[in-house]
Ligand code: HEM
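Before any questions on binding or motion, here is one chain by itself as structure tokens, the form predicted alone.
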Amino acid sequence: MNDMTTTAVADFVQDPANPRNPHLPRFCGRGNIRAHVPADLVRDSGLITSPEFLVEPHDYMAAMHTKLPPIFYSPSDYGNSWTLIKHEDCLKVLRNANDFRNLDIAPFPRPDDDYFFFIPPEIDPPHHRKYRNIVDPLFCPAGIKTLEGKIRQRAIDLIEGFVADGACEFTTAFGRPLPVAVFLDIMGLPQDMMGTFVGWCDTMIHSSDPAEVGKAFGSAIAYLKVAIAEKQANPDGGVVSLIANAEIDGRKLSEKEVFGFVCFLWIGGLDTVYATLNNIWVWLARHPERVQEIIDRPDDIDDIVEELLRRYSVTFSGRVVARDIELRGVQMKQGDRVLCCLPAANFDPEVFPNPLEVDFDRPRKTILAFTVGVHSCMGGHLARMELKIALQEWLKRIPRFSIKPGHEIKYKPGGVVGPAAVPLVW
């Protein structure tokens, strides 16, 4: 693709009810680096797929602060982008929806004749808030609090099912079933589809084969369209039903709005908390003395959860530059892609001294596990509740555990960072 700028980014008008593809350019690979990018800022980030990254991804991202400029341009076969690793810079971008837009942020194929926006992340203010208002009563702290008893009982039931065995594959016995089962309950989707949903989502997020990703996404689209139609015909108390029958400004949501909203929540609810739990349990298994510290400090559980979320953030957040802008002396042009490396921002030593250390007494600062600003993650409160309950109920029953002898923890490439398997013994 020839180097060019685009006026579409700043001027593109979103009509979620009748969406159209913004057709923003993607510059891919070292042969398509835009002319304004200084050669000395072109660096291979190694994120997501490099062998070095996949050995210990979080250590790798922490080390970026000593090995790379605060802002650098990373070429990739999937799309070149400015990569931001400083906490301050990520905050500026994530809080500035006017200059850094959320258009075309998902890597999943959406053909022109069936295009839809992922709602609400691809919708900017002022319309963004209208969509969040539909589900906020369920995902706000008060709404999540009403689920605490049910989440706790589900965690207890899962643990009681394998505690006597003296061993489990954490990812399949607890790490995945707890958050996904809770999520399916909230969405009003069937529990017996968990395995199928997980398979589709895992392929979409972690496969490097575009054909496989497209096939899995197509299967998910077909299923969700049928599920939405069923909820419109037979409403219930789940989120899918709530969205399928919702109104904004006195009108019912269009078919494209409903689908884009449901599809986004479906993808977002299946992998992020799962990966977070897996990462944290690897750390717990390797640090029994810190497990005892958690047990000994029950009143500090909220601070403990926040620090573990900082240390083991699992996602990244992309934007598109809407108009020419300068950040930390770097000239960014409209149409440029920007990737906020959220885990690296949470390792910024200027904000979090000794960032690799897990310090439960660390002064509270804004962590970027769930981004910030208007596009902050709707599921952040739910994730915190799930992690808190998981720690409390697991450590009551299994206070001493370790990784199965001889097993090497390996990480999966993809946009959500987590280990492939975590076999535990106690």
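Keep in mind it's a predicted model, so treat the numbers as computed, not measured. Heads up: residue numbers just count along the shown sequence, starting at 1.
One more form of this protein exists, namely the form predicted together with protoporphyrin IX containing FE; it is left out here, but the text below deals with it.
J.: Of the options V374, V358, C28, L68, which one has a non-hydrogen atom that comes within 4.5 Å of protoporphyrin IX containing FE in the model of the complex?
T.: By the 4.5 Å heavy-atom cutoff, the listed residue in contact is V374.
J.: In the model of the complex, which of the listed residues (N80, T272, T171, N346) lies with a heavy atom within 4.5 Å of protoporphyrin IX containing FE?
T.: The option sitting close enough to the partner is T272.
J.: Among 155 to 163, 216 to 224, 116 to 124, 348 to 356, which stretch sits within 4.5 Å of protoporphyrin IX containing FE in the model of the complex, heavy atoms only?
T.: Residues of 116 to 124 come within 4.5 Å of the partner.
J.: With the cut-off set at 4.5 Å between non-hydrogen atoms, does P57 touch protoporphyrin IX containing FE in the model of the complex?
T.: P57: no, not in contact with protoporphyrin IX containing FE in the model of the complex.
J.: Applying a 4.5 Å heavy atom distance criterion, does W394 contact protoporphyrin IX containing FE in the model of the complex?
T.: Close contact is absent here: in the model of the complex, W394 is far from protoporphyrin IX containing FE, nothing within 4.5 Å, heavy atoms only.
J.: Since only the chain is shown here, I'm wondering whether R290 would be in contact with protoporphyrin IX containing FE in the model of the complex (any heavy atom pair within 4.5 Å).
T.: Flag for R290 set to no.
J.: Would you check, heavy atoms only and a 4.5 Å threshold, whether V314 touches protoporphyrin IX containing FE in the model of the complex?
T.: V314: contacts protoporphyrin IX containing FE in the model of the complex.
J.: Does each of N278, R400 and Y411 have at least one heavy atom within 4.5 Å of protoporphyrin IX containing FE in the model of the complex?
T.: No, the candidate spot makes no contact with protoporphyrin IX containing FE.
J.: Using the arrangement in the model of the complex, list in sequence order the residues of 92 to 106 with any heavy atom within 4.5 angstroms of protoporphyrin IX containing FE.
T.: Sequence-ordered list has one entry, N102.
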